[in-house]
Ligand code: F6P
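Shown below, as structure tokens, is a lone chain in the form predicted on its own; questions about how it binds or moves come after it.
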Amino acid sequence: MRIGLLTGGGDCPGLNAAIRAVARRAEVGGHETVGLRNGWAGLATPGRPDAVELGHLDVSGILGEGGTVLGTSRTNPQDREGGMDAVRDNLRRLRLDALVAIGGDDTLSVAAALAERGEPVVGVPKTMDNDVAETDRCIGFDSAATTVMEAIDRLQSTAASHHRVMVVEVMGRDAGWIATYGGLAGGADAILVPERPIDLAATCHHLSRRATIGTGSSIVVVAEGVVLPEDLGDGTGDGATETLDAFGHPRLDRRGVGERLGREIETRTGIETRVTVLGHIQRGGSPSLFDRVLASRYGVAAVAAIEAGRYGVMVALRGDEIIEVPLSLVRGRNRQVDPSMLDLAALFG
């Protein structure tokens, strides 16, 4: 068979490990692998697929590299006139027998739509936000959360030296996985996530109390997707941006959640407050051990599903077992952090 492969949405560590695994497993099975460049953009232009053959040497040495050698984009063919027809036609033009789509909920929603049209698609969950439904872990999450932990480790000493509050803004649109796990591992004193409403008065009271003990410093981790209270002193309220991406999501980097929260904390408590926005540092760099192994398992499982003729599914981690779940159960859903983990993180504040 000829198996197509694409990586869509935001980049993250572990994508190249998954690409390598698909190509190597396909080779063992006697199949060819064709990489589609820049996510769905590689298939969405009528009559002009952007593809490259992926042989053994093409994926050699990429296991530990960050990013994706195929490139990526937030292209949504469902939002283009004739976009989905172009994808279908280009699959035929490239003589592909199946397609592996590696991505988050947006990329997988397009894969689910293709599956509904009868196309042979298998999904692989990738997002550092870790919020894809029906799987315990997504490629990229462990690496991103580890980066946050390491950043907090470094910020602890400078916060203590100046007796400051340090606000650390991390990624997380609809779920606070990175903030919760990275903050818990880094010893954050307050963690603010989309799953729970912010009680700013209680948070500031907590920080004021901490200013009188120990080093007098605190670390506050906030996910970029949190809804800020309407009574902010700057009069902006939540102030979500009107700038949207291809899938209709607000551009969270334009909201300035960390900066606005930092100013409000300083105003209410009188404690000198500094803000660090980790941004795309969380996306870059070499994948962790966990992500390398997970991505390798996912890539192999995706090809196994194709060989068995099981399409319209996503490979997923359930406990320590790789399973398959229907893409229809994944589409349009968001997996939030378990309340018990939020309670655990709060215990150490």
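A quick note: this is a predicted structure, and the numbers were derived from the prediction, not measured. Numbers for residues come from their place in the sequence shown, where the first is 1.
The protein also exists as the form predicted in complex with 6-O-phosphono-beta-D-fructofuranose (F6P); that form is not presented, and the subsequent description refers to it.
Can residue 297 be called a contact residue for 6-O-phosphono-beta-D-fructofuranose (F6P) in the predicted complex at 4.5 Å between heavy atoms? Outside the cut-off, so no.
For residue 74, is any heavy atom within 4.5 Å of 6-O-phosphono-beta-D-fructofuranose (F6P) in the predicted complex, or not? Flag for residue 74 set to yes.
is_contact(residue 124, 6-O-phosphono-beta-D-fructofuranose (F6P)) in the predicted complex, heavy atom dist at most 4.5 Å: It does not: once 6-O-phosphono-beta-D-fructofuranose (F6P) is placed as it appears in the predicted complex, residue 124 has no heavy atom within 4.5 Å of it.
Since only the chain is shown here, I'm wondering whether residue 129 would be in contact with 6-O-phosphono-beta-D-fructofuranose (F6P) in the predicted complex (any heavy atom pair within 4.5 Å). Contact check for residue 129: yes, within 4.5 Å of 6-O-phosphono-beta-D-fructofuranose (F6P) in the predicted complex.
Considering 171, 145, 166, 265, which brings a non-hydrogen atom within 4.5 Å of 6-O-phosphono-beta-D-fructofuranose (F6P) in the predicted complex? For this set of options, the contacting one is 171.
Answer with one of 119, 195, 224, 134: the residue that has a non-hydrogen atom within 4.5 Å of 6-O-phosphono-beta-D-fructofuranose (F6P) in the predicted complex. In short, 224.
For the interface check, one of 279-287, 36-44, 318-326, 59-67 should have non-hydrogen atoms within 4.5 Å of 6-O-phosphono-beta-D-fructofuranose (F6P) in the predicted complex; which one? Single hit among the candidates: 279-287.
What are the residues of 1-26, in order along the chain, with a heavy atom within 4.5 Å of 6-O-phosphono-beta-D-fructofuranose (F6P) in the predicted complex? Read in sequence order, the lone residue that approaches 6-O-phosphono-beta-D-fructofuranose (F6P) (within 4.5 Å, in the predicted complex) is 10.
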